[in-house]
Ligand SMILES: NC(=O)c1ccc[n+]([C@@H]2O[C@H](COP(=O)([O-])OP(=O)(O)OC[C@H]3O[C@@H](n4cnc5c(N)ncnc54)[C@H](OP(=O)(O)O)[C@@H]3O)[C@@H](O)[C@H]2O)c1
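First, one chain by itself in structure tokens, the form predicted alone.
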């Protein structure tokens, strides 16, 4: 009797993870290691992981030179990338009429342009066939968001959905799958900026009445990278506690 595959068997594989210093990114690093992968873990701040299978790199994902250098270091260390997981990002805040143009550019560059840069430079290294890319969207990209995260955040996350669709078609002949994970509110330090009243109001909008967890989101990433999702590309995975019900 043949055994069924686990959620993700990543033995001998290499994952390149951005935003690895906390939240969903850190959970992804931990799960990839558990699944047997080696990991390139990048972040603006120091990544706290002493596993010998982890290559820790400081990376500003909006800087093309730094992105190219990080990918080159991944090639030198591991030779290829099987999973490109882009979890780095940032929120904005406030009304359109109150938003400085510099804030708009910072959020859009961090969330959207960074994905373009990482995909551009990682493409030659992504295993063909079998490579998998997972970007990080948001429920804000589907429902428009609010002043709590701002227009630039919602707009950049919506644009990532179409970047996913575009790349899924362009890279399908190479056997590279491209998907996006779109969480709603997740219980990570990113939500620490909210007041108790804002937390209460946000949870009241969730049919399940609770925030998602970083591990739940990382589990979605593992699934999208796994053989169980071999026929999925261009997919937008909704993990929003019911905040978004219709795609």
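Positions refer to the first chain, counted from 1. Remember, predicted model here, so these are calculated numbers, not experimental data.
Below: the form predicted together with the named molecule, not depicted.
Screening 75 to 83, 164 to 172, 137 to 145, 120 to 128 for residues having heavy atoms within 4.5 Å of the named molecule in the predicted complex returns a single hit, 137 to 145.
Of the residues 152, 88, 176, 71, just one reaches the named molecule in the predicted complex with a heavy atom at 4.5 Å or closer; this is 88. The closest non-hydrogen atom of residue 59 lies within 4.5 Å of the named molecule in the predicted complex. Although the partner is absent here, residue 191 sits close enough that one of its heavy atoms falls within 4.5 Å of the named molecule in the predicted complex. Taking the partner from the other structure, the named molecule in the predicted complex has no heavy atom within 4.5 Å of any heavy atom of residue 210. Contact annotation for residue 21: at least one heavy atom lies within 4.5 Å of the named molecule in the predicted complex. Along 204 to 240, a non-hydrogen atom within 4.5 Å of the named molecule in the predicted complex is carried by no residue at all.
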